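As structure tokens, one chain now follows by itself in the form predicted on its own.
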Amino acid sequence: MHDLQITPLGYAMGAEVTGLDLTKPLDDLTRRRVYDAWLKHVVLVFPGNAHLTPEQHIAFSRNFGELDTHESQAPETLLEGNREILVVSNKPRAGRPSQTRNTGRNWHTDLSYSLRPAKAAALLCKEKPAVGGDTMWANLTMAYETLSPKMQAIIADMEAVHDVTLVRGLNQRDPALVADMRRRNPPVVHPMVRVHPETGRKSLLAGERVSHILGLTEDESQALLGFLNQHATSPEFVFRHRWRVGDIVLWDNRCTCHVALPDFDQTQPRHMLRCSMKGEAEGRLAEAGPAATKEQMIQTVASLS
């Protein structure tokens, strides 16, 4: 552990961890130090791991929580023989376009459209384009804590509906697989403000896969969501990572959202492997339909007049 170095990379979050051999188990003291650094810096970068086997990637990820076996995902998107690993790639698979070639193209918190959003994820870069293909993370704790006390009070008890159909580029995928994704992931409700189970700090659960806020009209909902999403992804809350082959990036999904940028030559490969850890908090299935429109509210008021 004497070679372990943790170097901050950004103000909002982000640090690089060097001096570890991830092909070997972490001893308890090293694991505790890395885990504490992760809670502090939110996003950790571990360079130089292109040689990791899937089994070693899985073993390393288990240091941060119970692994998800991806029941919410289409089996075709998982690594053969390793359900714990999702393949995020624009390379064809089995002679067909990859179903994850445009994954992550809007701001989102991983698996927020499921009943149990991920605790964390560890994404390994195996191949990358010559330039671009970056990922950006937004610190949703900083975003919440910089809201005015009045706005914090307004959203304190609000809930919102998260919908897999809002995944950008979903309609470009195989229709049968899209139908299966919708079946696996009906709309779900989560609180707009979350309390981190380990740090105790509050954060927004914002992003572009939120369809509406319960109890508000469509116009009210979209206006408030627009403001919160714009605020949450302000540059001062964002860490941008420029990938290198062999990077593993570990992030705390309980207090961040992120976006994978399509800022690269799409004919060049971008091939990543992701392990996700199961989250602690569960939502519930959405019972109500979309938010009421202004016209519907007018009709409702008119009928009572």
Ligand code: SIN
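Numbers for residues come from their place in the sequence shown, where the first is 1. Predicted model, so just to flag it, every value in this text is computed and none were measured.
Separately, the form predicted together with succinic acid (SIN) exists; it is not shown, and the next lines address it.
Residue-level contacts in the predicted bound form: of 135, 114, 99, 73, one residue has a heavy atom within 4.5 Å of succinic acid (SIN), and it is 135. A single residue from the set 229, 90, 103, 211 has any heavy atom within 4.5 angstroms of succinic acid (SIN) in the predicted bound form; that residue is 103. Of the candidate stretches 103 to 111, 155 to 163, 75 to 83, 188 to 196, only 103 to 111 has residues with heavy atoms within 4.5 Å of succinic acid (SIN) in the predicted bound form. Each of 123, 251 and 260 comes within 4.5 Å of succinic acid (SIN) in the predicted bound form, counting any heavy atom.
Interface membership of residue 41, defined by any non-hydrogen atom within 4.5 Å of succinic acid (SIN) in the predicted bound form, is ruled out.
Proximity of residue 57 to succinic acid (SIN) in the predicted bound form: non-hydrogen atoms within 4.5 Å are absent; the residue sits far from the partner.
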